[in-house]
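Okay, so here's just one chain, in structure tokens, the form predicted alone.
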């Protein structure tokens, strides 16, 4: 039976980093991936430009990892975002910082990042096997663990790292393979759900597709409590876009998990949301601005008097919600109707029915319980010599370089620990 020090299962961001770290720490490493290409998820990250990390301070990073972010204090103490930046720059990948701390290669080519990482594995003499599907894992409390391949081949290793990903973006190979292996080792898999995923909405102006493709910049999207409509569950400010089925874009994706959780918690089919189209102004200030526009052009129709204040396609929808006609003349419009319009612009209503499926999500929520993993080693508390990293765990962040930072940090921590421990019992 072929034997290795460390076997890494999964050739995504966390698995590639784990293999590199284990080899750097002196281990004889084998990386297995069932697909025909390594680094597929890495190659499509950041819209194909590869957002390798985010340069935010540690506390800011944690705040942007709503799925068990506090667990990441320990992995970040070993390999953080600055270490990630240094790692890639040492590989010859020059990086640049963009808005909100996002770090990209200067040439905007994710393929170059993948290529550099694979060349690093070659230099470290990591053996990689593509198109190699793992059928099962066989654990032994003492001694070597065994990896059973789909063709019946058995491999042995003192340390196994599961980096098989979640269930999102399945065409990259993330189809939930790691969960049953973790359960076999005694681990709890917390409920899986889609995160960073477009939200489905059933309001008439969405169903009619009259707002499809309309982007809004620097607005605030809020998920509300369906039982206490004045209570806000979560708000995010930034950019969003209306789609033919609902809303997407950065803040739409960030709010999606709160829609999922609210539906489950309250067992409601619909969850209320609202958009503050003018987050820098109060409703009173907005109403005064509208009235001033009307005073300056008393004989103009409302749609002409307010032209330019909102996107052309959105203005008629807001007027309709207030029972106002686009052609109504300013002098004929009561001021209390304008107060109502200002409130609609501050609380534009949406009715969320859910999200797209977990397969359509950018990130998987849930996974191997972090309570059952040593954070400073990423080693199982249930099975010595078993390690986890990346999205297979119950860890998830917002888009913007946070998830890939988690992947690289946990991957490096798992790889270096696996190499050093050689399945030694936890202290």
Ligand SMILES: Cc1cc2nc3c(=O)[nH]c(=O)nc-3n(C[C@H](O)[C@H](O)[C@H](O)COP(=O)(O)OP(=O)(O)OC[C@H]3O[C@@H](n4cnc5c(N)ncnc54)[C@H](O)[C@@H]3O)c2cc1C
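Note that the coordinates shown come from a computational prediction; the quantities given were computed from them, not determined experimentally. Residue numbers count along the first chain shown, from 1.
As for the form predicted in complex with the named molecule, it is not shown, yet the points below apply to it.
At the 4.5 Å threshold, heavy atoms of residue 161 stay clear of the named molecule in the model of the complex, well away from it. The shortest heavy atom separation between residue 33 and the named molecule in the model of the complex is within 4.5 Å. In the model of the complex, the named molecule sits within 4.5 Å of a heavy atom belonging to residue 41. With a 4.5 Å cutoff on heavy atoms, residue 400 counts as touching the named molecule in the model of the complex.
A heavy atom within 4.5 Å of the named molecule in the model of the complex is found for one listed residue only; from 243, 81, 174, 257, this is 174. The contact with the named molecule in the model of the complex, taken as any heavy atom within 4.5 Å, belongs to 133 out of 133, 332, 239, 280. Just one listed stretch, out of 22 to 30, 392 to 400, 66 to 74, 370 to 378, contacts the named molecule in the model of the complex at the 4.5 Å heavy atom level, and that stretch is 392 to 400.
Along 1 to 17, residues 9, 10, 11, 12, 13, 14, 15 each place a heavy atom within 4.5 Å of the named molecule in the model of the complex.
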